[in-house]
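Below you'll find only one chain, the form predicted alone, shown as structure tokens.
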């Protein structure tokens, strides 16, 4: 019986040993393929079995994750194209000029979101659209890292609207009926045409019409033009009636800066024939041409009830640009500063402010020339100094034009009266200064707090002085100090969307002989516009 050599047996064992792993690998690969097929089949079945609500939750989670990434990370993006839809009448160049610059300046996604919000506000401010929608869409695939901005507008269906109302000025004891008509976007340039009529019982009447154009590619800045006919009756205060036929042009309105040009033909009359010497010398016709510049910053959190922030306005006006002997030559400057500080309890806030103004003639013999009467500063009335920025005009507790220099009127010879019987003409001043402090706070009743009704205590002071006709030679610091009048008081404030109503008790701390200040309850209606 033959036996195999040991070497042959070892080789056979080795061959069988090496062949087993090959069979195992083939079997293992078949198992992996089967597992992958099973996993894909299970995943497909899971996707099919997922309800619509589950898919919505999953998509929402993905979207929230994307929003979190976009809000935290600096994702670079730039605007590829601005697409405008819905503008059937409005020129596309108008919309582009309002939004294109700020959108294309954005280089990050967060910046683009903020730019879209600002663009939406700008388009709404034009007043020619009922609604504005801005959508950010992905740019074309061949230009990665870009976005398309889709602006869809809905133009206003009613282009014509009007307003009418009755307004009162208790401090001037006058009422007025005012109405206006506005026609929007007549030619598709965002143009606004308006006409207004105001008839006041006992003081002012005005008829005016104007047009304003926003900024677009042809115009680098918004422009406006207005023609007006104004009649103001100051017989009870200063013994004259003023009529003004004027044309005003808005030349520049950019950010905080405004430049305008005014041309007006002014007439002063005295139907009573009882005006003082100062008023009588200025009766007649005059031409007034002026260039006016204004700088304004308002960072207060509210116009009706400021609790924090500041505001500042400065205006300068140069009159006498038209080469005519009857052209009034003067320089008028004024400023307003307001500051509000929160105190941290009962929504209490301390508001304080200071205002000043100076008017002075220029040209040959200006030192001996009086300033033009309607361009002087007049102080008085019960308009709140907190919410408005109108220069040195208001000291609570004093009648309109009831503070400052005054002259006796001529006697009424028909009654054989004396000068003292005819009253005084308030003739205004060339240098005006006012200041105030106002502490506002919530009232304890919840219903009043929810309605925004609150209380305040205040103190006001003001000064009015003459500098022209060589009066500046006698001016001194002591005279300025003694010229200040003051008042203090407390009251309740009822704010509304259009105006701020105050019921105050005013106590006159100091007044001069011919001032018209009186302690007592005063009503005030003030508007920040």
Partner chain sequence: MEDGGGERERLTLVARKPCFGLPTACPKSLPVYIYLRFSKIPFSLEFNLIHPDSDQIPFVESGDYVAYNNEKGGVIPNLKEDGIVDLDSEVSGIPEWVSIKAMVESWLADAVMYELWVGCDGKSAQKIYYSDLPWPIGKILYFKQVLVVKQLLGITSDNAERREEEIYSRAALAYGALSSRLGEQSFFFDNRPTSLDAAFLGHVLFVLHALPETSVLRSKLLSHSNLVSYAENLKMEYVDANLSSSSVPQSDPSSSASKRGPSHWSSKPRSKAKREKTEEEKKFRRRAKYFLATQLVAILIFLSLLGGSSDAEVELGDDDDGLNYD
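Positions refer to the first chain, counted from 1. Since the structure is predicted, the reported quantities are computational estimates derived from the model, not experimental observations. Definition used throughout: the rigid core is the maximal C-alpha set that superposes within 1.5 Å between two forms.
There is another form of the same protein, the form predicted in complex with its partner chain; it is not shown, and what comes next is about it.
- Candidate site formed by 270, 284 and 411: every one of these residues places a non-hydrogen atom within 4.5 angstroms of its partner chain in the predicted bound form.
- Checked against its partner chain in the predicted bound form, the candidates 205, 208, 327, 97 yield a single residue with a heavy atom inside 4.5 Å, and that residue is 327.
- Shown without its partner, this chain lists 440, 275, 394, 371 as candidates; in the predicted bound form, only 275 has a non-hydrogen atom within 4.5 angstroms of its partner chain.
- Heavy atoms within 4.5 Å of its partner chain in the predicted bound form are found in exactly one of 359-367, 329-337, 300-308, 261-269, that being 261-269.
- Within 4.5 Å of any heavy atom of its partner chain in the predicted bound form lies no heavy atom of residue 342.
- The closest heavy atom approach of residue 280 to its partner chain in the predicted bound form falls within 4.5 Å.
- Not displayed here, its partner chain is kept clear of residue 145 by more than 4.5 Å at the level of heavy atoms in the predicted bound form.
- Although the partner is absent here, residue 187 lies well away from its partner chain in the predicted bound form, with no heavy atom inside 4.5 Å.
- Relative to the superposed rigid core, residue 148 undergoes a CA displacement of at least 2 Å between the shown form and the other one.
- When two forms of a protein are overlaid on their rigid core, residues whose CA moves 2 Å or more are considered shifted, and residue 137 is one of them between the shown form and the other one.
- Residue 340 shows a C-alpha shift below 2 Å between the shown form and the other one [criterion: core-superposed Cα displacement of 2 Å].
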